[in-house]
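Take a look at this single chain, the form predicted alone, given in structure tokens.
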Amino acid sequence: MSPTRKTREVSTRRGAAAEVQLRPERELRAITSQIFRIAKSLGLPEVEVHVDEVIDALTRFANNAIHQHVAEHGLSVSLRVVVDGRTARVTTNRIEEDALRSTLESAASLAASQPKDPGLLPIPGKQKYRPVRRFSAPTASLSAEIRARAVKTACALAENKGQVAAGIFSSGQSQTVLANSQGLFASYRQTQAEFSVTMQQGSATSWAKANAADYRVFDPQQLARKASERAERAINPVELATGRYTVILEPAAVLDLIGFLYYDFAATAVRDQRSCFSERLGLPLMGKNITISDDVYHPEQLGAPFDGEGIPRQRIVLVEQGVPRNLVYSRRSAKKAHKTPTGHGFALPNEYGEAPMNLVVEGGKTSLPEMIAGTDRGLLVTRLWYIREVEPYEKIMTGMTRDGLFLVEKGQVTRPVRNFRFNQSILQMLRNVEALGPSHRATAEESFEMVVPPMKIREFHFSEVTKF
């Protein structure tokens, strides 16, 4: 039996997994009501419940053939209790009454063994939420067969060009319910699909990836063609000298660097002197063309409109025209700073406090081709990887280029270039941005998805030529 024939049979046989649907909200609400009834019988007045349900399916391919179809459907119940100024959380995947009672008793016992937390706040009451719609019925019903057909076309393209394709096509749906004994109830559901492909031709590789609530937003074949064309163009790279270059960063490369700033915007990190913005709020740290917000309501974002305690998320302008203006606050950090919570806290107990998880970098009007056309000599960077922090206060990072680095000469992409290692301050980088393109949802590997533009940046520091 040929690999293609076998793949199609496996896909059809397992396609039924996509027909599994999330439980109706009333069933999850019934679970929370049952927990509160049990908690009352145990004499537990403060209880918080998180119910999370996830349906995920994945088609994985390598060497121009599908080698794995997997699907899973899981439900978890996480219970937090507060006992005499102490709190603890226990999680279970069982929803029978005896199991829920046992989990509550375990959480109460664990809480009783904790030291008192003088900063612990009472569980919040009812909240109002701005509605968001991120559930796509076509994505929820996306079958393994449909994913397999898309992968087959991508692999056929690679074979026709003498290339090797590898990657994933995943789809899923999820929902979460957060409720507490003070009457708070929040619910959210979403779908998500992702296609990622790496094309290899000899020693040259290229890569493309997209992620969205509705799988119809992106075209797997267009992504495969882009990766294939770049892999072909990346053959026989030339080696350039290290130094400072004008670079054009595609959105995936921008995202993987900006993503390392997200926790620096946390009020807890600033208070603890672990943020690069400690004692710097209000100072012009970046260029005037840089404005960064956290906005869960942006149409290209995913995520719930409430945080880990059920507080509504606010849109926050973090950096305005190069000046860091605001931070995000959990209930706890807000009380310490005499601020209003912004709805960015993590589920308690945790040691991190809060963070913005829906970053949006305001873009400009210069398209990627226009950036290239306006560059006399520079480098087009498609992707970065293995990024690590070297110095936290100036946010100096090190990492490497990969999957396509190209020389730009007199407004044209001319030759592929051997990969570099970089040592670069993100803050300095954002002071050196010469042009911004339109912002769109991007995804990469080193950071979470966000809405970012391509950037043209001067004096980006490459410190070493890599061995590949």
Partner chain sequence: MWDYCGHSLDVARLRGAAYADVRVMHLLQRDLTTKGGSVGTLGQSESIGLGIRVVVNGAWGFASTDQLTRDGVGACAAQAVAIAKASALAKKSDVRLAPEGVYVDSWQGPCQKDPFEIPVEAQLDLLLKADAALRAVKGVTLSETDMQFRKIDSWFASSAGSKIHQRRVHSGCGIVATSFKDDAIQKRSYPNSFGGQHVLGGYEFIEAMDLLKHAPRIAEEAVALHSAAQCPETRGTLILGGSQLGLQIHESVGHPIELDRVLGQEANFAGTSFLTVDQLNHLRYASPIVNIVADARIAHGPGLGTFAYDDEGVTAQCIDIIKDGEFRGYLSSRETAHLVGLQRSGGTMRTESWNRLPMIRMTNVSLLPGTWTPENLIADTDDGILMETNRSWSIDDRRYQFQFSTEIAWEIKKGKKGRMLKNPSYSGITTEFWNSCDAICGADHWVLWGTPNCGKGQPMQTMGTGHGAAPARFRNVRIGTAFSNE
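Please read all numbers here as calculations on a predicted model, not as lab measurements. Residue numbers count along the first chain shown, from 1.
Omitted here: the form predicted in complex with the partner chain. The next part is about that form.
Comparing 380 to 388, 306 to 314, 284 to 292, 122 to 130 against the partner chain in the model of the complex, the single stretch with non-hydrogen atoms within 4.5 angstroms of it is 380 to 388. Contact between N63 and the partner chain in the model of the complex is found at the 4.5 Å heavy atom cutoff. With a 4.5 Å cutoff on heavy atoms, Y393 counts as touching the partner chain in the model of the complex. Shown alone here, N236 lies farther than 4.5 Å from the partner chain in the model of the complex, counting heavy atoms only.
Among residues of the shown chain, D376 is not one whose heavy atoms approach the partner chain to within 4.5 Å in the model of the complex. Here the marked residues G183, Q321 and S447 all miss the partner chain in the model of the complex; none has a heavy atom within 4.5 angstroms. In terms of contact with the partner chain in the model of the complex, the residue from L359, V197, A158, V328 that brings a heavy atom within 4.5 Å is V197.
Heavy atoms closer than or equal to 4.5 Å to the partner chain in the model of the complex belong, across 393 to 419, to the residues Y393, I396, T398, G399, M400, R402, ordered by sequence position.
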